[in-house]
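Only one chain is included here, represented as structure tokens and corresponding to the form predicted alone.
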């Protein structure tokens, strides 16, 4: 009997889905053999096929949203916004492909043409995360298919059911089954896929820890494209504002949306000392009011559970470590449902901690740091090896210009949350947040490579210098040191 992968609902613990673990050595050759025919199709054919996929997503939207909610634990309203993003990705990707990777011709002298065109890499592996199990892998799959690649997709072992439904929707829209393959399995399966000799690249969204391991795995393979979209230890800075209430709302949205399970969630609140007490009180009051419940609860919750009990245990332990090393508790993180991974928002002041851990605490845990000067706020914002998202709340246009110029991040916002980035813009970070291959609108850049050509309808060639006369009076090539 083959090994099976099982998926459970975080909110209830009930089994949701099961399937046999895939054989990577069987799946990769199928996709590799299929990509030349797919790449030979006109771009309009691939575009229209993917537009049919968007229509299928819309038609099955409520079913897909329900599955996302059950498998991740996120509220149904939030799962619906994810489905909407999946459908919208197609038109955005078609526009991005035309803008980022168009065919270009430059006429030269005597009929010479210089051309730039783009080719697909071949068979690309996609590793997806659990927090947005449809939207984030879809952000790699759609641009890759549009460019003419085949794809081998392994969803997170924590959300395989959503991944399987996503692939079924592609197939039902006309994407050949050989061109898009689903690989089911755990970390060992992902490692086998990433290391398979017949993939031409890997597109990854997930943790920095896994991304670093993939980077080492690809260290001696510069011939393979590697796009890493990883996490963040993101700062939100609050400065010089009289509207403390709105600032507190933006902080809460940044820190606790998706139960803190977005790579762009704010992990660190950096606040001017003179504003700190009033802001913290408002943030705590709002956090106290957030409803934490199962995805289909009424009234609708703001937060569902985190992905599983292991994640909840790790976050609870991290909160206790911060508290035992000098952190001052503002709001305790609790487990309201015994045996299930529900967490209430935790807030802790770590200003007095001599050493603050530079890690991504992937959940509803916000650290507060008080500072006296704006320069200190920027220095604290940059006091991380990550560099994904940062936001300034309050301040003047001049202050924002200073923040924008000095904050090291791939997403920098003003009077907006750290999360909720637009798919119509590039997305990614620096440092441990990625390898300078921003996804979203710029995904077209890593799904195809440019080919430069110099072309002429007829041959013309001459050697104007460096020839000597031959005995018969014809020019003879001179080589240095030889007659």
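Positions refer to the first chain, counted from 1. Since this is a predicted model, take the numbers as computed values, not measurements.
Below, we refer to the form predicted in complex with a small molecule, which is not included among the displayed structures.
Colleague: In the model of the complex, does every one of 128, 136 and 427 come within 4.5 Å of the small molecule, counting any heavy atom?
Modeller: All three within 4.5 Å in the model of the complex.
Colleague: The small molecule isn't shown here, but in the model of the complex which of 392, 251, 124, 263 has a heavy atom within 4.5 Å of it?
Modeller: Looking at 392, 251, 124, 263 one by one, just 263 meets the 4.5 Å heavy-atom criterion.
Colleague: Could you work out which of 306, 366, 162, 230 is the residue within 4.5 angstroms of the small molecule in the model of the complex, going by heavy atoms?
Modeller: Checking each option against the small molecule in the model of the complex, the one that comes within 4.5 Å is 230.
Colleague: Spell out, yes or no, whether the shortest heavy atom distance between residue 402 and the small molecule in the model of the complex is within 4.5 Å.
Modeller: Residue 402: no contact with the small molecule in the model of the complex.
Colleague: With heavy atoms only and a cut-off of 4.5 Å, decide whether residue 316 touches the small molecule in the model of the complex.
Modeller: So residue 316 does not count as contacting the small molecule.
Colleague: Do residue 214 and the small molecule share at least one heavy atom pair within 4.5 Å in the model of the complex?
Modeller: Residue 214 belongs to the contact set for the small molecule.
Colleague: Look up in the model of the complex whether residue 295 has a non-hydrogen atom within 4.5 angstroms of the small molecule, and give yes or no.
Modeller: Because no heavy atom of residue 295 falls inside 4.5 Å of the small molecule in the model of the complex, the answer is no.
Colleague: Within 4.5 angstroms, counting heavy atoms, which one of the listed stretches 108-116, 206-214, 170-178, 297-305 is next to the small molecule in the model of the complex?
Modeller: That would be 206-214.
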